[in-house]
Structure formats: structure tokens, C-alpha cells
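Take a look at the C-alpha cells below, where one protein chain is shown in two forms, each on its own, as structure 1 and structure 2.
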Structure 1
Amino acid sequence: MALTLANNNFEVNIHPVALFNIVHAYERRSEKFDTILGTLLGTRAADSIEVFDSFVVPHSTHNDALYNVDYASTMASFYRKVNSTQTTVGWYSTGSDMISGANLIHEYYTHETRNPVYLLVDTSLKNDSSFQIKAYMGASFGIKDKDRLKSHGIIFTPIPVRIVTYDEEKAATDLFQAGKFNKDFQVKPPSELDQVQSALDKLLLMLNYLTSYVDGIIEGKKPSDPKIGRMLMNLINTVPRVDPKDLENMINTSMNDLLMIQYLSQAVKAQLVLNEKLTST
């Protein structure tokens, strides 16, 4: 018997939009289904797969998991027309355990892409009430005949997976997180000035923590860490050396520009509302 192992150096990086689509589809599923299945879209690098989007693929029952491959192929072609940079990189299912028939579904995706990834998303929140995500790659096994492997099945080998975000995605997820403190679970996007104030408050908080950490090391209350010291040195070297007065002038100029943009936007908005009322009367 021979075993063809997958490349375990692969790493799966998944973005929030793909996870939001999976969770949203799970919440809107039919009551007769315990799980949902779907396709993962993204890009592939030499040592990683980056998942940007996903969509649901209909299946018949949870036990048999009869997959609608025609629907999956058609939807993937539609997505490629919208965004040609993203291709099929694998598939997913929800639940705490792999579904039966996962090897058959995975075999279909081996014809769609090279080394597809299988993502298992636990949306039940039963395991310590945490949102768990696992990633696997398929390894074919079977009997070797004349230097060729006659595949008889697939063994799923786990690979690392992590959630990554762009700056824009991080801002959106932070805004969503603020909704859990509201009894109506509703949030409003902050204004530009509120965003500046929030950023300055976070920066001040981090500077205070950093100052207390450095003071603790100098006073001998905390052990020193050479790695953190080198990171702080690199951080300090990246800060431009600007005269305090010039820096204050730059900040004031930027703030004045921001206030001017906000004033003009409010004026344009008022003009549009006034024009709408005049034309409707």
C-alpha cells in the first residue's frame, strides 16, 4: 500500500467576508439540514492559500451529502466573471465533525483546483462556546501498481489556519463588535472626528502601557526581553525626527483640512435636501 501525502507546509489564511458568508448561510438554512456545504474562493501562493469569499452549494441530505456539482461549477464561473483574480481553492462544511461523503466531495474539487483545502467551521458553538475553524488537505492512498497509485480513498491531514484582515476589514469588524454592547445590536458608523479621537485614545493607551513596561524593566521589577527590545528599537527608528513645532503645525493643518471637508460635505447635503424639497413642491 502506498500513501501520497499532501504538502503540510501549506497555510490557510481566511478573511472575515468568507466567514460571514458561511455563518449567514448557516443561520438561514432550512430546518431539515444540520449543516451546509459550499465552495471557497481565493488565491494560491507557493506556501499558502488565501480565502476571500465563499458561496453555498445545495446538497440533498446531511447523511448522504449528495452534492450539486453542476450548481457549484456554474456559480464558480459566475464569480470568475466578476473577479478573475479569485478562483476555486477548496470547499467547506459546518459542524464539529467531518461529514460523511467528504472524500467524494473532495475528489470533485481535485478536478477543479490543485490541492484543494477542506475547511471545517464549527458554527454550533458547542465546544467551549468558541468559534473553531479547522483546515485539511487530502492525501490519496491506495495500492501501487507499476509505479502508479491506484487511489482508493483520501486521508485528510490537518494544516494551520488563521484569520487575517486588511485594515478596512479590521475597521468593519471592530464596528460590528461594538454592536454587542447595544441592546438593539445596532451601530452607526462614526464620523471622521470620532475616528481620529478613537485612534488617538488607543495610541495614548498603548504609549502609557509601553512606558510602564519600560519603566518596570529599568527599575528591575520586570525581566527584560531582548526580542521586545529589538522590536522597540526598530519602532523608534521608523519614527521621523520632526521638530515639535513643525509636527504641531502639520497636525493642525490636517485637522483644518478635515474640518473643511466635513463642512463642505454638510453644505452639499443641505443643498441637495433643499433642492429636493423645491423640486417636489
Structure 2
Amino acid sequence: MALTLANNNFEVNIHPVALFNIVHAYERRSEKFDTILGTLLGTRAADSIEVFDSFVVPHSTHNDALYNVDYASTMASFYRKVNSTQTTVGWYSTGSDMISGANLIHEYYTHETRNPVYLLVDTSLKNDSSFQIKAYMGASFGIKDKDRLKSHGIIFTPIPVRIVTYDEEKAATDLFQAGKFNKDFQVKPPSELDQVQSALDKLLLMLNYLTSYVDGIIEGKKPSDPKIGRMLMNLINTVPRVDPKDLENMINTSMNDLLMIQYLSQAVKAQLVLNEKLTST
């Protein structure tokens, strides 16, 4: 089984929600624990697992890690009620290394789902102070005697992890990035015109970068790369060539539409206020 796993290009795609959930639970753990464990929820495809959500499961550390199986199954059933397509796909633990009872817990999860993935999220920021997210697939190995009493171990092979987002999630996480540099770590959702401006700024930045790159090549400072040149050609060709008069027309009609709609909504509001005055006197 270990061989077949090594041949597959198995991947784990995680949504940020799951990671945020993990950090949230980690921050709230009780003092006697250093690490927390929990279940991962998501969907499974042929060669990848997409992790959409996660929740923490209480455990106790005596000599073995006692995992609260009832809690895990009830919470999983609750999540399934909300979204029935997402099931248990694996489990996670925090810390810089795998926990000691990992094989037992992994066995439990192999009963729940076929090939559970074990996600290790390093919240202690030990390894070169970055947030390391690693995933492993387990394969049992060892000498099995006929009673299966001898404990056989599980070998964990690492598999690549990618973070994927919906469009709205990307927009939200971009919004939160600004909060890192604020002194109170706060960020307000921007007003509508601010958003237009920030989108424009980003576009301008990218355009500046491109033009400076092209200038550098023309002056011979940078080596030219035909692949990038072709991509730039594609980019410029996608700008639609419209007759300026038509463009003017299009822009004017759209502007008229929007102005009309604004006027209408103001009229509706005025009527509302009027009605209020009439009915309250």
C-alpha cells in the first residue's frame, strides 16, 4: 500500500477557513495541553482532497491520547446537516512534530473514511518562524501475524499541500492583510469608493512593474525571455479594439443608466419619507 501511495500524486487543497478554525481552537485550548487535535471535513476526489472546514475534538493525555470519539461523531453529524456533501476526510494536530498517539488516532479515522489525511499545523512557529502546514498519508507496515495482535505501525508519507480559496474568500483575506499593519490590528470594511481606489492602485502597481520590465529589456539591462514576451503579446491583444465613437456611446449609455437608477432610488426614498409624514399625522 505504501508503494501505491507513493505513485499517486495526491494533493491536499485547504481552504483558509479550516486553518483559521485550527488557530482559533489552538488559542482557546486549556492550559494543560500543548497541542490540540481535531477532524477535517471536506470532499474527496480521485487524486486530491479538498478540506473545507475543521473542528476541534477534546482529548486527554494520560499515557495514550484518549480521543473523544463521541464528540467527534456528533459534531461531524451536525456539520453534515448543514452541508451533506462534506464528510470527514482526515484529522489534524498542532505542534512542530507528530504526536505520539498518531497511529491510533489514524486508525480510528481509517474506519471513518478511506484514506484519511493527517495534517500537521505548526502553531508554535518553531521552524524558521513560519507557519508550516504539512500533510501526510498513512500506510500500515510491519509484520502482521495471523492474530493481528502485534502492533503494526503506520508510516506517514508527506504529500503536498496547497491553499485554495473561493473568490470571495480571497477578497476577504486580502482585506484582512491590511489589518496586519494597523497599530490596533484593526481594519474596517472599506466604503465603496475606497474599494475602487484600492483596486485601481493594485492595477497601477502591476502596470508599472510591467512597463519597467519592458523598459529594462529594451535598454538591454535584462535578458529577454520569449515566453514572457509572448504572454505580453497575448495581454495586449486581449484589449478590445473598439471604435472610439462606439466606446464613447457605450460609456455614455451606461452612465445614463446608472444616473437614472440613482435618481429613481432617490425618488423612491423621497416617496417613502412623504408617506411616513402622511401616515403619522
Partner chain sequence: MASNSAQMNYSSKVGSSSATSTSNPVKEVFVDAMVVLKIIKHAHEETTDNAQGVLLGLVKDATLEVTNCFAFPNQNKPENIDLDLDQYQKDIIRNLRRVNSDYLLVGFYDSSFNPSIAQAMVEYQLSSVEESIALVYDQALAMQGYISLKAYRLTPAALENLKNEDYFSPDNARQANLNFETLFEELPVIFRNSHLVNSLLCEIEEQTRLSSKSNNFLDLGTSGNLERQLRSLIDCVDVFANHAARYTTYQKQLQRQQSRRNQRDSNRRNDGNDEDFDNTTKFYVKSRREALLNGSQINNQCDNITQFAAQGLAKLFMAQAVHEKQ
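These numbers were taken from a predicted model, which means no experiment stands behind them. Each form is matched to the other, and the largest set of C-alpha atoms that superpose within 1.5 Å is called the rigid core. Throughout, residue numbering runs from 1 along the sequence of structure 1.
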Which number goes with the form predicted alone? 1
Specify which of L210, D201, L235, Y79 corresponds to the hinge in the chain, comparing the rigid parts between structure 1 and structure 2. L235
Any idea how many degrees the smaller rigid part twists against the larger between structure 1 and structure 2? 21
What is the C-alpha shift for R230 between structure 1 and structure 2, rigid core superposed, to one decimal in Å? 3.4
Aligning on the rigid core, one finds that I261 shifts at its CA between structure 1 and structure 2, in Å, by 7.9
Between-form comparison on the rigid core puts the Cα shift of L272 between structure 1 and structure 2, in Å, at 10.5
